[in-house]
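Just one chain is shown here, as structure tokens, and it is the form predicted alone.
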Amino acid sequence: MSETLVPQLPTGSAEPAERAPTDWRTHSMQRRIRKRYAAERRFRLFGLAAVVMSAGFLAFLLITMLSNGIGGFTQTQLQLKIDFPRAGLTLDPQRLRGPGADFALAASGIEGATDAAATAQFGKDGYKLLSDGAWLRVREAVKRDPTLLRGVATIAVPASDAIDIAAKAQGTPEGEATVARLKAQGLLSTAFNPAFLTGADSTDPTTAGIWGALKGSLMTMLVTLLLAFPIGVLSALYLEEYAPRNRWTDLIEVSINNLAAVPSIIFGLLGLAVFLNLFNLPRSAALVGGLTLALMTMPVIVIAGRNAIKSVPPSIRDAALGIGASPVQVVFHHVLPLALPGILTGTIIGMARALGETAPLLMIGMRAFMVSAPERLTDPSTVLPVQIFLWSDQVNRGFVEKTSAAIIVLLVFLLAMNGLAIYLRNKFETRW
């Protein structure tokens, strides 16, 4: 054995010098130990600071949203006294019991009667204390109980935006003085506002609701799930179980991985070019929104599906083949059921991301003003993120709390989807 190949071995007959044991009591060694412990303490402090900072930002977001948005779920109401016999309404109570009730109410002049009653009760500008949609509450009350037309009735109607803000201690001094006077007379109250959850968009913040946007989001997510989930799972199964290992397969895999990181607005441009310009599908429809978001979600499902399928031990496949199962039976009877929890978790996380997307839906026109909820997939509709974006651009002070309240609903929706993903993972997870 030469010196070049093993230079560390002694070449002569002399024994190597014996090393002295480390003296841990020396000053230099103690200084090195203190330096090492200080580095470990700094690392722990930096990690703890990162966690505290993240939790602080999250707490700030939640507290800000709750403090600003909790008022969006309540509504300030005025007790309005209406003398129906003197209001001059052209209404026959018998017509309100038949199928033509809505037509009779539409032509009865209830809106003018409501303003006249407010002027008579609150003074010359009394009608300004009421919301623009106050007469709708009167109309619903009369439709529900036609006997109100026979006398004087007191109906709780929504107050104007200025009074509503003043009642929440955010208005002008004049408005807050008016609120104090009305409260002293027992004419003002605050109650839960179900119209926020059941109504559609409006230019008046006191009557604006999110049901139209929420229903549009649900329909868009349904289209996205029905298209992205089967195609994504089948693609993952083929790439992982059947595809030959060559440069074309590698190119497809790299392309899918890159598509998962493409900015979402690019998918909006793709949806605009393909679904609207090429196939002439209806603009602003939930169908087109779902197709566009499916393009964005599919790469995420493929990647999550491949990782879940890859995590199934090869012994499962070998055992199934050993007892005579065909390759298709191995995949669909053994591999896919075991990989399903991971696939579902990745799918729901991808769907949650799609639910919060705004940019691709703006590109296909889902930012129109919708006063009614969509009934079909091809009806014009909007979604919650776009609704929040539109409300945040309003100059009316009343839309500030509506925006925060809509964000709370969207966060609850997202947390529910993530909670479902955690439940499915824990329920069906198999430990090897």
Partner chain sequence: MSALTLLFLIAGLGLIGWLSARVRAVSFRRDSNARFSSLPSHQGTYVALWTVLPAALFIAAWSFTSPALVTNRVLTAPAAAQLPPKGFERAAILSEARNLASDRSFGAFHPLAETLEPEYEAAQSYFDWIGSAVALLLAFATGAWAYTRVRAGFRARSRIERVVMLLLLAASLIAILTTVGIVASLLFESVRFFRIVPIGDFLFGTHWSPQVISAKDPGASLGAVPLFWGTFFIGAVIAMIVAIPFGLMSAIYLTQYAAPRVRRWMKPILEMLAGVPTVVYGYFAALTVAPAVRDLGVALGVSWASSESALAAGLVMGVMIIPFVSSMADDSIAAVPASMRDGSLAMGATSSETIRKVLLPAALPGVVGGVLLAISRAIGETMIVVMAASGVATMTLNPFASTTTVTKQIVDLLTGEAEFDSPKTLAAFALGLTLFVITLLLNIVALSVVKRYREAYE
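Fair warning: this is a prediction, and the values are worked out from it, not measured in the lab. Numbering follows the first chain given and starts at 1.
There is another form of the same protein, the form predicted together with the partner chain; it is not shown, and what comes next is about it.
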Non-hydrogen atom contact L411 with the partner chain in the model of the complex at 4.5 angstroms: yes
4.5 Å heavy atom contact, F73 and the partner chain in the model of the complex: no
Contact flag, Q329 vs the partner chain in the model of the complex, heavy atom cut 4.5 Å: yes
4.5 Å heavy atom contact, N258 to the partner chain in the model of the complex: yes
Candidate stretches 129-137, 181-189, 197-205, 320-328, one within 4.5 Å of the partner chain in the model of the complex by heavy atom: 320-328
4.5 Å heavy atom contact with the partner chain in the model of the complex for all of M298, S404 and I407: yes
Interface residue in the model of the complex among L148, L287, V262, A156, criterion: non-hydrogen atom within 4.5 angstroms of the partner chain: V262
Residues within 4.5 Å of the partner chain in the model of the complex, restricted to 351-372 and counted by heavy atom: R353, G356, T358, A359, L362, M363, R367
